[in-house]
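Consider the single chain below, provided in structure tokens and representing the form predicted on its own.
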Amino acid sequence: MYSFDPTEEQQMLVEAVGKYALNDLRAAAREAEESNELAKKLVSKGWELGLLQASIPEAYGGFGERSAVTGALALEEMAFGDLAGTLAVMTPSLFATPILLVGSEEQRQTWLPKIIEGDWVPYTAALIEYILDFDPNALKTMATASGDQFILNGEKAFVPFAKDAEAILVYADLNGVTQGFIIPKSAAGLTISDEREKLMGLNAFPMYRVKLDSVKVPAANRLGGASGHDFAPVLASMRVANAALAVGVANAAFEYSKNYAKEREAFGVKIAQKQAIAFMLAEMRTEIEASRLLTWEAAWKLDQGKEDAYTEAYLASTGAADMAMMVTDRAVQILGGHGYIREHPVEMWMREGRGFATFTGLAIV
């Protein structure tokens, strides 16, 4: 069974991420949300923490080994500061981590060093589709084999930094199986929307629609090479990441509303002493802890190669999405009228909390 105590290296990493999350991301979050823009220096500073680099072996230019548990701990801590900033810092991992997990040796040697050895560069991935019954295992974007290449047709939504991306890892259905395809930004038939996605939250995080009109992809650019890859470990890693981010945002909302309740007075007493408020806070904390443990367990099982890891990742993600919506909504309630105004961040966290049901594919551990 796994230990609940982080290793010394994990603890050092979490502490470093925590300082960045509070001192940099949290401090800039509201301005970034209002201006629809994250400062480049802010993203670069987060990149310099080396989260992705520490998950890549030395053979490919990194200085560590991948650990889903470590990734989950770091994402939760960073999202406690700001979700949009966290997603921006970690966008290159959407491209690099699947290549590390299921890419061919040639793909690892070609792409990983150029991504992680320099400054932050927006390599990205496109999984999500703008359809009511979106299922990562039943995509509408189609790939068709044609000689020594594949032809892709379809449309993707919520593609981070697509406008500036050097290359995009696009997921498509190939004979009923989800497969990834590496597409350079100059590919003919690849069109990126001029306008960014307009969402309820994440206004500072640039996402775009991407259309593929008979885009030709060499067989060598199929993730995993000619034989392809198993999509399950990639999707499970995305789901664990989504759960960890949800826990981070929910915990931010809980801590803020708890501190507010301890300071705010009504009829001569702190509102935290009111039974209704106290019960809310207790339930919020309980649900956060339950989701956190389920996320850690799923991440540990991924690292250990357990047979039920993929099921646990799905449960962690769906459970955390519901939990985040409940906790952030309660945080707004606890602040009362103050919860609905932009002077306090809980309204922003509630808008983000609503999105976790659709955010799988925006981060990966």
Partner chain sequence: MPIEFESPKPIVQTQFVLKTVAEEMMRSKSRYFDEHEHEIPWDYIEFMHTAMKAMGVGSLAPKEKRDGNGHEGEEKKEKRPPIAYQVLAAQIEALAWGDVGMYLVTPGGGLGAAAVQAAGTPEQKAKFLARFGEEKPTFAAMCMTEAGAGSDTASIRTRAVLDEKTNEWVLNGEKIFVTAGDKSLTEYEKLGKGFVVVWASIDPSAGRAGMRAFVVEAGTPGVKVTKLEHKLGIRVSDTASISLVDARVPFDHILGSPTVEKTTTGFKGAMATFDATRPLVAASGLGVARAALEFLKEKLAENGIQIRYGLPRQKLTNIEREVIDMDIMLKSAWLMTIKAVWMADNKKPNALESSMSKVKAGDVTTKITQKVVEILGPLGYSREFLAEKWFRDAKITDIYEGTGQINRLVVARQILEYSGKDLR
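Positions refer to the first chain, counted from 1. Everything quoted here is computed from the prediction, not taken from an experiment.
One more form of this protein exists, namely the form predicted together with its partner chain; it is left out here, but the text below deals with it.
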> Which one, 56-64, 34-42, 295-303, 331-339, holds residues whose non-hydrogen atoms are within 4.5 Å of its partner chain in the predicted complex?
Replying inline: 295-303
>> Can you confirm whether S3, F134 and F254, the three residues that make up this candidate site, all sit within 4.5 Å of its partner chain in the predicted complex, judged by heavy atoms?
In response: yes
> Does the 4.5 Å heavy atom contact test between A282 and its partner chain in the predicted complex come out positive?
Replying inline: yes
> So in the predicted complex, does any heavy atom of L49 sit within 4.5 Å of its partner chain?
Replying inline: no
> With the cut-off set at 4.5 Å between non-hydrogen atoms, does K114 touch its partner chain in the predicted complex?
Replying inline: no
> Could you tell me if K156 has a non-hydrogen atom within 4.5 Å of its partner chain in the predicted complex?
Replying inline: no
> Of Q275, S186, T191, N175, which residue is found within 4.5 angstroms of its partner chain in the predicted complex when only non-hydrogen atoms are counted?
Replying inline: Q275
